[in-house]
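First, one chain by itself in structure tokens, the form predicted on its own.
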């Protein structure tokens, strides 16, 4: 099997450079089947979220895969109803319970609204307790970066945002460089944009 390249995060952890996302896959057996297929085909990074309502099936597929746990990178995300320090601590534990895991490799604040500082402190505490290996943010724009990130004690390892050849996020990437935060793309292929696949540079 081809070795998947990885990124070194600012906390020293190695994250596989591409992964399988489970957004909009229903929890009716479809998520479990899709993740099982992805793992069988060589994916070693699986992305889910509390708001996807399919963490349990992701965990089932991982448990039944026969692949050692330390060879699979699992990302999940905290949704807005669990923001605030105490609520976020409960949200982390709920994700762990649904996934059936002892730890989550990367846990993100899914959206930067509400009590972001309290939720971030809970992620920091979860990392210190060994429940989370790396912590990060998602959908944080340059304006929201300036509002929240300078006050964080721990630098985000990742900011997961929309990113593709037509939307390259250059101002945001310049900000993130100061903290060595890795940009992780959602919709890296433009959500299947046919024009993107006709670009000569992409075809080459």
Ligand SMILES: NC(=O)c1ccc[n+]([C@@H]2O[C@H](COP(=O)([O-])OP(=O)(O)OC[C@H]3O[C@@H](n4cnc5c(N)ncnc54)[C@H](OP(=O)(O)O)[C@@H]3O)[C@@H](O)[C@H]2O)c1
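Positions refer to the first chain, counted from 1. Just so we're clear, the structure is a prediction, and the values are computed from it rather than from any experiment.
As for the form predicted in complex with this ligand, it is not shown, yet the points below apply to it.
is_contact(residue 17, this ligand) in the predicted complex, heavy atom dist at most 4.5 Å: Residue-level check for residue 17: no, no contact with this ligand.
Contact label in the predicted complex: residue 192 to this ligand, heavy atom within 4.5 Å: Yes, contact at 4.5 Å.
4.5 Å heavy atom contact, residue 31 to this ligand in the predicted complex: The answer is no: residue 31 has no heavy atom within 4.5 Å of this ligand.
Partner proximity in the predicted complex: residue 94 to this ligand, non-hydrogen atom cutoff 4.5 Å: Taking the distances in the predicted complex, the answer for residue 94 is no, it never comes within 4.5 Å of this ligand.
Stretch in contact in the predicted complex with this ligand, which is absent here, among 167-175, 33-41, 56-64, 137-145 (heavy atoms within 4.5 Å): It is 137-145 that comes within 4.5 Å of the partner.
Residues 77, 160 and 188 all lining this ligand in the predicted complex, heavy atom within 4.5 Å: So, yes: the whole triplet contacts this ligand.
Contacts with this ligand in the predicted complex, stretch 39-77 (heavy atom within 4.5 Å): Heavy-atom contacts within 4.5 Å come from 47, 52, 77.
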